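Coming up is one lone chain in structure tokens, specifically the form predicted alone.
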């Protein structure tokens, strides 16, 4: 393999770049996870996580796992064999969540989607209104579908559940949205949030999270699916004193504390969301400038953490990605499932700034041209947006 100088650009939608200070926070000897120093760390991190997700009444549960482990944890704590759930099909990761539920013995009903739009609140509401026996125990939605760059409107889904006067729980995956896009656990009436450490939280993979409402915690008392490691009850009990019933991800916890300090105390959540909104719109300006098509159809559902781009007919997106990797040492997200070969994905989330975005878009533009794709000057369009007066380029956090 030829020597490559400079930095490898990892512009997949996660894992994301890790800030140097977060790396340094984790770069330490192992501590006693049953000692008082680690207990104090836990009792700092858990309230900060509650602040991040904007909840005053829900429990934050931390696992040494990926987001997939957190998916499984949510389901084994809530359901019994044969329970029915309604899953919004919005892309590859929503279908994987449904497949996992099926393997656990849960009956999964899909609210079908085209992978270009988010969860349809009206369709969900209509299905729940027809479920007069309340057989459906939960609605499951991916907030920000990482395979498509489409963000579902969670507040509208909750309103649809309420209009149907249905007791279904609301489960939401925020793996590629948390700490990058606005999320309001209490206000949106989410019962269980599922996420991981490796995207907006700017950490390596290795921590899975559930955020559990009192309603969900109560429902877990009657759930019959087998659970041991993932059982919420002993974790919540041990956390009250700062401890865990298993070995926690100790060094990652120090990194999490540092990341939360950066997000909450230094940049501030509103500024974090505005920065991601700005970079999301600059990326979309580039796509339009290239003359290509954004996969997400509805501007209300644009993701501010990644953009999926459709390549022209006859072009293989994987070959474009391979050219960009070989020539410019930059990794882009692959098209997943039925989108394989049709789209590539640009991640623009986490520890990220204007110059990093500009370099990313330059690499994409050069790679497209080298691949023979007839495009315009998308980089110029993005730079015009980024250099525009503040009132035009500083978008509000609620832009998407």
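Note that the structure is a prediction, hence the values are computed from the model and not measured. Positions refer to the first chain, counted from 1.
Keep in mind that the form predicted together with another copy of the chain is missing from the display, and what follows is about it.
- Remark: none of the three candidate residues (113, 147 and 347) comes within 4.5 Å of another copy of the chain in the predicted bound form, counting heavy atoms only.
- With a 4.5 Å cutoff on heavy atoms, residue 56 does not count as touching another copy of the chain in the predicted bound form; it lies far away.
- Using a 4.5 angstroms threshold between heavy atoms, residue 204 counts as touching another copy of the chain in the predicted bound form.
- Another copy of the chain is not shown here, but in the predicted bound form it comes within 4.5 Å of a heavy atom of residue 103.
- Taking the partner from the other structure, another copy of the chain in the predicted bound form has a heavy atom within 4.5 Å of a heavy atom of residue 275.
- Exactly one of the stretches 153 to 161, 69 to 77, 182 to 190, 312 to 320 approaches another copy of the chain in the predicted bound form with heavy atoms within 4.5 Å, and it is 69 to 77.
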